[in-house]
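Here we start with a single chain on its own, the form predicted alone, put down as C-alpha cells.
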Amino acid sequence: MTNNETIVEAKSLSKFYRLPKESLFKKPEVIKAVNDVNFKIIKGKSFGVVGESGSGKSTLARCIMGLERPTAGEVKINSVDIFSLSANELRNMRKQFQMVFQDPFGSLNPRKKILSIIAEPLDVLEKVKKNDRRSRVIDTLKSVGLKETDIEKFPHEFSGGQRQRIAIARALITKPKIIVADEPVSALDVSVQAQVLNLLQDLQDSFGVTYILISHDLAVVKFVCDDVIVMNEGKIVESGSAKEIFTNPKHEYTKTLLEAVPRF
C-alpha cells in the first residue's frame, strides 16, 4: 500500500528558545527544544515520537504542523518545504495535515454543537456549501462510530472516549494525508484507550492516513506504530522499527524508558 514513499521529512531541524535575560552581565539562556533532528516518515505508516516530558517531542510536532517556525532546518511534506511557502500557500496545504490533541474536552468548544465543531476545519479551509457541510460531518461522525443525531449535542453530553472520537472526526473532515496525534489517549481511562487506538488503526486501513503519534507511553506506541524515534533533551537518541526498538534497544535512555513500562 505504501510503496515506501516518503510523505514527511525533517532535515537538520532545530528549534531554540532564548529565555529572558536575568542579568546585565550574563548572556540569556538558550533552550534547545529540538536540536538537529533528521527523519523520514513513510506514507500510510504510523510514526512514533517517544520521550519524557521536556524531551522536545511536542515542539517537534508543532514544527511539523507549521505552527512553530524552526530556528534551522526544513520540514518537507510531499517534498515541499512548508517553511518556504507563503502564508496563503501554507493555509492551502493545511488540508493535508491535521492534529488531535491530548485533552478531548479542552480541545472542543463547550458552547458549540458537534456539527459546528467538526465542520470548523471545513469552514476555514474549504468554504463548502451548507448541505455538503452537513452531509460531510455526518459521514465523518459515522466513520468514528458515532450517530447522525449526535451533531445537535454539546461536548459535555459525551464521555471522554466519545469526545476524543469527535476530535478525531474533526481532524478527518478535510480528508488529510497526515494526522499528528499528541498524547491522544493519555487523558482517557485505560479501558477506553484501547477503543480509541483500535479506531485509529481502523481509520488508517480505511483512509490510508499517515499518523505521527507523540507519546511518553511506550505501550501505546508499541501497539500503534510501525517506526519510532526516541528523543531526549531535543535530540534523537535512537530510531528504527517499533519491533527493533522494543525487542533490542541500543541506547541506555531507551532501555530506561522500557524498564519503566508496567508489566502485567
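Note that residue numbering follows the sequence shown and begins at 1. Just so it is clear, the structure is predicted and the values come from calculations on it, not from any experiment.
Form predicted in complex with a small molecule: not shown, discussed below.
Trainee: Looking at 39-47, 54-62, 192-200, 220-228, which stretch has residues with any non-hydrogen atom within 4.5 Å of the small molecule in the model of the complex?
Mentor: Among the listed stretches, the partner-contacting one is 54-62.
Trainee: Have a look at E120, E126, E183, E74 for me and say which one sits with a heavy atom within 4.5 Å of the small molecule in the model of the complex.
Mentor: It is E183 that has a heavy atom within 4.5 Å of the partner.
Trainee: Give me the residue from I236, A33, V209, I212 that has a heavy atom within 4.5 Å of the small molecule in the model of the complex.
Mentor: It is A33 that has a heavy atom within 4.5 Å of the partner.
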